[in-house]
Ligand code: NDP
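Before any questions on how it binds or moves, here is one chain, the form predicted alone, in C-alpha cells.
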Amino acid sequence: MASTISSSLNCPTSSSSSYSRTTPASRSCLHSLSFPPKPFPLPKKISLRNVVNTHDGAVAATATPPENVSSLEELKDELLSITASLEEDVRFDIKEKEDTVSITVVGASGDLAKKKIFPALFALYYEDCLPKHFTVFGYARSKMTDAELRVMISRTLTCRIDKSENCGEKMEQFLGRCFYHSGQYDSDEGFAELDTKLKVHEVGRVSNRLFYLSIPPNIFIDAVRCASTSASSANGWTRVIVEKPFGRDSESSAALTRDLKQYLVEDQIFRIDHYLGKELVENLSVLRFSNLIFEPLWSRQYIRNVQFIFSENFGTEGRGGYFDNYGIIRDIMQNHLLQILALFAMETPVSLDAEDIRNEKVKVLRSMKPLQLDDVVVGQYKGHTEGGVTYPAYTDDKTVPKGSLTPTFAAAALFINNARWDGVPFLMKAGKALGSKRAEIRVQFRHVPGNLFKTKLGPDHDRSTNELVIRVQPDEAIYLKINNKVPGLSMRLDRSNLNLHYAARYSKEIPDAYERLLLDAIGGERRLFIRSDELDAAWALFTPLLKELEEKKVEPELYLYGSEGPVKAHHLAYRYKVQWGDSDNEHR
C-alpha cells in the first residue's frame, strides 16, 4: 500500500491568462510580477527515487512502507511519525523559485524596434516598472554581436525630462541586460539556439517569455511557429505581440487569425494598436464614466455629431512601397480611428476587466452598418511649388507605382444603429501631406432650444454650439468651448475654452504609448489589445467598401500638399449639416 503526497508549485503554464495580472485601477510600476512558491519539505524516510516532477510543476512523492511494517495500524503510526519529523529531518531541497521575464524583439534591427520598442523598454526600466529579473534579446537576420546591438540601442535611449538623475548609470545597467542572436525568421534551428541562450539567463527561475513581432506581416506565421515550437517557456507563460496590419480585408485577417491559433491560444496573442496606449485615449473612459456632467449628455439627445480627425503634415517620404499596398483607410481608419470610436461610443461596461470592456466595444462595432461608397471621399496629394519650395506628389515617391490610385486621404460618415446613437453621424477624416499634424476627437453638441441669446451669437449658429475637444496629439489637452459674455457695459458674447492643457497642469512627462502597452503585455492586461472578434467586426465594416474602391478603380480627388484636403470632404460633412471642427484653422 502506498500513499502519495504532492504539492503544487503553482507555476502557470504558457497559456495562463491570470499570471501577474494588473488592472486599470491598480496598474503601477511594481515588482509584483512574481509569485514565488513556498518550498515544500519532504520527509527523510521517503525515498528520493520516488519523487516525481509533474508536467504542471507539481511535485509528487510516493511513500514506500518501511520494512517490518506488518499491519495497517503500524503503517498509520509510521506515517504520523514521518509527519511529526518534517521540520527536523533532512528535507528535499527545492529552491524557492522567482520568476523572470525574457523579452525577445523579433526584427530587432528594424526602425520600429530602434525608435520605439527598445526606448520604451528602457523607459520602463528607468521608472522601475520592469520585474526584478528580466532579459532583453534582439533577434533578426542581420549579423551582429551583443556589443553592436548595445551600441545601436544606445543611440535612441533618453531619460525622462522630469527625472534625469543617474541617467548614464541606468543606461549601462539596462544595456547590460540586452543580448542578440542572429537567425532566420522561419528557422526552427535559429529559435532553438535562442531558446538555449534564454535558458542560460533564466536558470533556476520560472521563465516567462514575451515575443514582440516587429517584422512584416508575411512572415508572422513562420516566426510564431518557430517561437512556439522551439522557444516557448517550459514552466511559465509565453505571449506574442503582433503589430498591424492584421490582414488587408476580412478574408486575409481571418486567415491570419486562424494560422496564429495553430500555435497560440487567444490569450497568448496581443494585437497591438499603439493609439490605444496614448494617454488621452486611455483617459477617454475616465472622462466619461467618472464625471457626472458628461455621461448624461453622451447620447443622440445632446450630441449633434462626433468627429475623429487624424492628419500628418508630411507625405510617405520613401515609405510609399509599404503604404501603397494598404492606403490610408487600412493604415489609419480601420484600426486607430475605429478603435477610438468604439471606446467613445460603448455602453458602460460591467467592470474595468479587459473582457468586459472589449465585449462592449464589439457590441458597438456590430451595431454599425458597413460603409457605403456614397458616404466616403478619397483623395491623393499632388505636388506644387510655393515660396521657392517644391512639394512632391504622392506618385513622385520612387517607391510608389506610377499611376497609383491608392488614397492618401479619406473621409467617411459612419452610423451606429442602437438606441443611444441612432441618427448621429460619426465622421472620420485621415490624411497625409495636410496643413497640420494632429489627432483629435471633437464632440459637437446640439443647439440650445429657444436660445435667448441667438441674435447675439452671429450668423453661424453651428460655430456657437458647445464643443468638447480631446486632443490626442500633439500637445495633449481636453477643452470645452462655451459661450460667455465679454466684460463691459454692452451685451456682447464671445466663445472661450475651459482648458485642461496637460503640459501646464502636469509636470510629469507623458509616457509613450509603447511603454504602457509593453507594461500591460508583461502584466497580462489585455484591455488595450484587440481581440479576434473585434478584428472581425472592424473588417466587416470596411471590406465591402475597399473591394468596391479597387474593383471600380475609383480615382481619388487630388489635393495640394499642405492643404486641408479634398473639397468633397466638406461636401460630405455638409450633407449631414456638419462643419469639420478643424477647418477654421484656430490654434489648438
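Computed from a predicted model, the values in this text were never measured in an experiment. In case it trips you up, residue 1 is the first one in the sequence shown, and so on.
Unshown form predicted together with the ligand; subsequent notes refer to it.
Visitor: Pick the stretch from 389-397, 440-448, 218-226, 197-205 whose residues have a heavy atom within 4.5 Å of the ligand in the predicted bound form.
Guide: Flagged stretch: 218-226.
Visitor: Which pick from Glu279, Glu266, Glu243, Asp188 sits with a heavy atom within 4.5 Å of the ligand in the predicted bound form?
Guide: The residue from Glu279, Glu266, Glu243, Asp188 that makes the contact is Glu243.
Visitor: Only one of Pro349, Gly110, Pro119, Pro511 has a non-hydrogen atom within 4.5 angstroms of the ligand in the predicted bound form; which is it?
Guide: Going through each option in turn, the one that passes is Gly110.
Visitor: How about Ser214: is it within 4.5 Å of the ligand in the predicted bound form, going by heavy atoms?
Guide: It does: once the ligand is placed as it appears in the predicted bound form, Ser214 has a heavy atom within 4.5 Å of it.
Visitor: Although the ligand is absent from this view, report whether Arg319 comes within 4.5 Å of it in the predicted bound form, heavy atoms only.
Guide: Answer yes; at least one heavy atom of Arg319 falls within 4.5 Å of the ligand in the predicted bound form.
Visitor: With the partner left out of view, is Leu517 within 4.5 angstroms of the ligand in the predicted bound form by any non-hydrogen atom?
Guide: No.
Visitor: State yes or no: in the predicted bound form, is some non-hydrogen atom of Lys115 no more than 4.5 angstroms from a non-hydrogen atom of the ligand?
Guide: Answer yes; at least one heavy atom of Lys115 falls within 4.5 Å of the ligand in the predicted bound form.
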